[in-house]
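Shown below, as structure tokens, is a lone chain in the form predicted on its own; questions about how it binds or moves come after it.
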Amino acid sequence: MILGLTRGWSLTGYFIAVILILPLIALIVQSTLPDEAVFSHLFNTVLPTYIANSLLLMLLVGLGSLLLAIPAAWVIARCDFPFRRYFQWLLLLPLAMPAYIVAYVYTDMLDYAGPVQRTLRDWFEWQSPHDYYFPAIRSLGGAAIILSLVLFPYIYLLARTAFMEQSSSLLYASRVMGCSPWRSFWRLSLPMARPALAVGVALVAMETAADFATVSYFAVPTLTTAVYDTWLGYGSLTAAAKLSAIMLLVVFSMIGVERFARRKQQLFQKQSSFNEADRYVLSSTKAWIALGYCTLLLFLAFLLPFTVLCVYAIDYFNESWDTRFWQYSLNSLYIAAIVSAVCMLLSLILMFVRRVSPRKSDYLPSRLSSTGYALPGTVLAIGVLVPLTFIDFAINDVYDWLGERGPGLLLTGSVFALIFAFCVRFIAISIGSLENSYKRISPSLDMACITLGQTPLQLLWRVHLPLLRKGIFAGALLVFIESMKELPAALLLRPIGFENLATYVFQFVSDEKLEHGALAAIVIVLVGLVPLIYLNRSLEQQG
């Protein structure tokens, strides 16, 4: 800390934090305003269905993800079978695949006109849909299965870590007491991993609540689609804000569950010790079953959709490789680059103030600035629209008062709204990256620098920045990638006629023509692989 650090640094930190939480404050204020017409109509007609579908979908996806992730996590953490080392990171790949692309691929295969049902009709000589039963993929259950396939790695990653950190002495004791590997898993490993599983389920539930594209494609009405339809269909910002406030309540409840579970997990992890020799050596039959399960999971969640995308891209390469692909790629790149630079600059200021300030209250701005990451994209978009619309109207009122023609939607009709929303949502990533990097810098360096007569700005420029290079690069890269992939906020906030890769691909998905956007979809998937590689390398270094 630096005694006597000027208040200007603290005020700058608080100013940044206020700007970044402005959408959340505006959303809460807007949701308290009266809106008898639209919201009352929704409340009396479809709102109960929206809420029920959202909660049921979160429950089904959480349960489905648990069932998929736990067996894979346990056999990889505790057993030895061929290719186990490869599967421990391969099973993270589904996170790179946007759920709406997986939904399109499976719908194309399993719908009435798809190859699966056509083959069944040919084999059994069925003539019409009345001759047989086939579950509808375009349903709430279908959406739950697709989202489970894409989101199970969250639980898999946390469960695998929890199983590996369990004390070996306890497992030895269970073996001495005659427990088989299955009984040891059921009576010891699984109960001890419950805090990690609860964290994973909470993360999956939050991602499910925030999903827009998949449920929209399957025509399943949820709170996310309700916010989107209320704003674009009814044009009621207040009703959309009220729906967003309901979603916020759900999301913050999940965060509360996650925090509670993590508190217990910290106590549990103190007992950790695990050796490679502690793994169960599976017999040939069981090893093949473990290998087959992991292979099937990887095939269904990633390899099959990605292969179909590649086939589409090859077959429709001439239609996809056009000026729109390049233009929308450039749009994605420059928006992501600006967001990444702004987030890193603001994060650097916030974390520097937090690092060197002697005042405990200066911890608060960085914490407040990170809250935007918890907001679903559609909710954040409404929160951004509220203050920017107010500012736009105020500017036009001033022009009217001066007798001049106003500029119109100066902020809400430009890419500024898009960049602002992305910064609010993703600055938590850059703050987290810098926070980890700052932990590795000894405070004695700060003291030595100040003792030598350097100012706080010189300390930041000459000492901190060179030592933070890796953290800055990692944070900027992760923010860049997330900005490339973000869809719900981009759909609501993009200027008229503006497209990026995510909205471009979703447009083809909505029109049932993903084949024409497969090339762009592959770019999104490949970009999404970068943070997974980074995450896996970080875990290996920690191990």
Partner chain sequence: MKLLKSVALLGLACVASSVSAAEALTVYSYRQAFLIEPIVEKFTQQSGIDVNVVFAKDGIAERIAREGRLSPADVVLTSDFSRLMELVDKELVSPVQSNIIDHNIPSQYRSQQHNWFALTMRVRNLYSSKDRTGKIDIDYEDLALAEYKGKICTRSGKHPYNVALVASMIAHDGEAKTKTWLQGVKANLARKPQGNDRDQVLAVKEGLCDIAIGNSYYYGNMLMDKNQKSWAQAVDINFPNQKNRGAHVNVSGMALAKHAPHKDNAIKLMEFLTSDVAQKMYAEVNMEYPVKADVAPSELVASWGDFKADSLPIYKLAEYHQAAVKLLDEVKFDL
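Residue numbers count along the first chain shown, from 1. Rigid core here is just the name for the largest C-alpha set that superposes within 1.5 Å across the two forms. All values reported here derive from a predicted model rather than from experimental measurement.
Here the subject shifts to the form predicted in complex with the partner chain, a form of this protein not shown in this document.
Peer 1: Wondering, does G408 line up within 4.5 Å of the partner chain in the model of the complex on heavy atoms?
Peer 2: Contact with the partner chain, yes.
Peer 1: Is it the case that A341, even though its partner is missing from this view, gets within 4.5 Å of the partner chain in the model of the complex, heavy atoms only?
Peer 2: Flag for A341 set to yes.
Peer 1: Does any part of T45 reach within 4.5 Å of the partner chain in the model of the complex? Heavy atoms only, please.
Peer 2: Heavy-atom contact with the partner chain at 4.5 Å: present for T45.
Peer 1: If we define contact as a non-hydrogen atom of the residue within 4.5 angstroms of the partner, is A219 a contact of the partner chain in the model of the complex?
Peer 2: The answer is yes: A219 has a heavy atom within 4.5 Å of the partner chain.
Peer 1: Check, residue by residue, if Y334, D400 and P495 all come within 4.5 Å of the partner chain in the model of the complex, counting heavy atoms only.
Peer 2: Answer is yes for this spot.
Peer 1: Which single stretch, out of 477-485, 46-54, 59-67, 24-32, brings residue heavy atoms within 4.5 Å of the partner chain in the model of the complex?
Peer 2: Single hit among the candidates: 46-54.
Peer 1: So which of W186, F299, F393, F260 reaches within 4.5 angstroms of the partner chain in the model of the complex, heavy atom to heavy atom?
Peer 2: None of the others qualify; the residue that does is F393.
Peer 1: So which of R194, K470, R121, R359 gets a non-hydrogen atom within 4.5 Å of the partner chain in the model of the complex?
Peer 2: Result of the distance check: R121.
Peer 1: If you apply a 4.5 angstroms heavy atom cut-off, which residues in 367-391 are near the partner chain in the model of the complex?
Peer 2: Counting only heavy atoms within 4.5 Å of the partner chain in the model of the complex, the contacting residues of 367-391 are L385, T389.
Peer 1: Note yes or no: does the Cα of G408 move by 2 Å or more between this form and the one not shown after the core is superposed?
Peer 2: Yes; that C-alpha moves by at least 2 Å between this form and the one not shown.
Peer 1: Cα of C343 displaced 2 Å or more between this form and the one not shown, core superposed?
Peer 2: It does, since the C343 C-alpha is displaced 2 Å or more between this form and the one not shown after the core fit.
Peer 1: By 3 Å or more, the Cα spacing of G408 and A226 differs in the model of the complex; is it closer or farther than in this view?
Peer 2: It is farther: the C-alpha separation of G408 and A226 rises by at least 3 Å in the model of the complex.
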